[in-house]
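As structure tokens, one chain now follows by itself in the form predicted on its own.
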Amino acid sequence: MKTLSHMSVKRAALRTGLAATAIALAMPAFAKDLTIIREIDSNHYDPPRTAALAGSEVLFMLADTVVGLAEDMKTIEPLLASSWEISDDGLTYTFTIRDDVTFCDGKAMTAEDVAYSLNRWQDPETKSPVRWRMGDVKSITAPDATTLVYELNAPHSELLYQLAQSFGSVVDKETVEALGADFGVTGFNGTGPFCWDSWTPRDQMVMTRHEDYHWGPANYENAGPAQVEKITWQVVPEAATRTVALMTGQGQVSPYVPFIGIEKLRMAPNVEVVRSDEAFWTNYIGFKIDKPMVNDPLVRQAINLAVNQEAMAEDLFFGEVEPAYSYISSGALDWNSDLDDKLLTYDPEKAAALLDEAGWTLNADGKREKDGELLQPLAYTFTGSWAQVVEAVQADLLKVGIDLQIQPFDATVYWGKAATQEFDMFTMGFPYISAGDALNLYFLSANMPSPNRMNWNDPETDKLLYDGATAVDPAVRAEDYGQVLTKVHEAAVWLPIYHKPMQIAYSTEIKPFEAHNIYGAGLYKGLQLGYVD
């Protein structure tokens, strides 16, 4: 497969016929309806069991968390908890839970519901891929209807930030038990500003306004109810079609701004583009480091050196992203600056030399071979824009003799496939605000096989991550996380692709708003979304 140059991408877009592209989106029936255009869907909408951005961006609107987070990604706001106290030793958090919150079905929410939801998150049977975010939990109890006590065995300096994430969404126990495995698939009952209406996988999620909602976080001028009566999250995989939908008013908002059409959108008189750099997002390709094709660090280093991220940033993403050579942005909290001059950047000649050193030599067909076996790692990827990225990587690797194989999957299937041991490489993107946020997600051995899809199994890493997460002194935390960053970069367990900002396109019929970066879910609670009077 070939990667497209900047000009050939433009020609392909013209052949598509942007102005005439058909789109199966309905115009809003009236100004109280709003369509949000997205590129991919989630595999389900059960809060603690999905790590997908597509899951979180919907769950933030369907449910609430103990605390909220302002757009500055620093200020913790009251939400279901009106206030809280932290013990001097940092082990006990006592939250005062509001007494005026109701679920979508009208039932009153109490501290017992909060305790149930958080305990479900940490329950091993839930198999949450983000259980580590809760810290080393001793107990979570509700001594009365308005008090939640969260006890830790060790301090967790990021606990409040983590409790603002969608994984800790408060849900109704009766609905969970009634639906069983279909919770978050056929129904949902939360306390958010919107309520579950229907979900057609790979097509659309429809939610309706929670009329009694009035407890939104203080970062919103409007605490509720929402300004629109219905929101439809419409899946539109094709970048050109998303562009047309926004320009023609068939959709009003999209956090999935297509790189190919961003300049058109910026120039369009009926579209605005808002950008936020308050947090970070990195796309990468990971290696399953115990698989024969990629278990040699020399091969993984060679793959890093053979790929031209700068060309991809320009050709595929029109200069809208930053080529990535590090696993997190150098601007993130606790980045190890000692790595700045040690990162693997484009050097195909050195890549070829490393492959020779590893015993993978070129055969008569120009392919790398060792002991009669071709170097043909298998990469699992999402369909859509990710597939284009992997095709570009495939083209670069072929130049040094590596015959990368690609297997794309729809997002509703990909997450399950990525939790298996069937592949050598995989694609992923993730939001974070700190080194600890990223490293604890991906490199704890307890998180194998997902989200630690690399099978990085290192006791020293586990200890450093635990010490960093429980450190009271920021310098100690930075040192611990810095050591982990050094270990994983030296082992070349990822191929970083790019760092990107948050950009949201929206119709000028919509009131201006500030983009939010919580877990990359730029619209957060959706309370700011409303039509211009």
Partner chain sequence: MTMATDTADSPLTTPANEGGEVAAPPPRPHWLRRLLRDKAAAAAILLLALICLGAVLAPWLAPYDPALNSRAVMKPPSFMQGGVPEHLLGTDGQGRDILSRLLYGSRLTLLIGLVAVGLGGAVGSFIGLLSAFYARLDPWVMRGIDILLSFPAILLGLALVAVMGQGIVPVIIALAVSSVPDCARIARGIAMGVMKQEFIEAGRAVGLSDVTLFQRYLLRNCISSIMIFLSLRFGQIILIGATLSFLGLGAQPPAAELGMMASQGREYLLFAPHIAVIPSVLIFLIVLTANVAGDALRDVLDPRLQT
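Residue numbers count along the first chain shown, from 1. Quick caveat: nothing in here was measured; it's all calculated off a predicted structure.
What follows is about the form predicted in complex with the partner chain, which we do not show.
Proximity to the partner chain in the predicted bound form holds for all of E238, L316 and Q407, with the criterion being a heavy atom within 4.5 Å. For the candidate set A353, L362, L374, A395, a heavy atom within 4.5 Å of the partner chain in the predicted bound form is found for exactly one residue, namely A395.
Of the candidates V274, L179, V413, A311, A311 is the one whose heavy atoms come within 4.5 Å of the partner chain in the predicted bound form; the others do not. Proximity of E322 to the partner chain in the predicted bound form falls outside the 4.5 Å heavy atom cutoff. In the predicted bound form, the partner chain lies farther than 4.5 Å from every heavy atom of R98. Contact between K399 and the partner chain in the predicted bound form is found at the 4.5 Å heavy atom cutoff.
The closest heavy atom approach of E278 to the partner chain in the predicted bound form falls outside 4.5 Å. Judged by heavy atoms within 4.5 Å of the partner chain in the predicted bound form, the contact stretch among the candidates 90 to 98, 170 to 178, 120 to 128, 383 to 391 is 383 to 391.
Residues of 228 to 264 that come within 4.5 Å of the partner chain in the predicted bound form, judged by any heavy atom, are P237, E238, A239, A240, T243, V244, I260, G261, K264 in sequence order.
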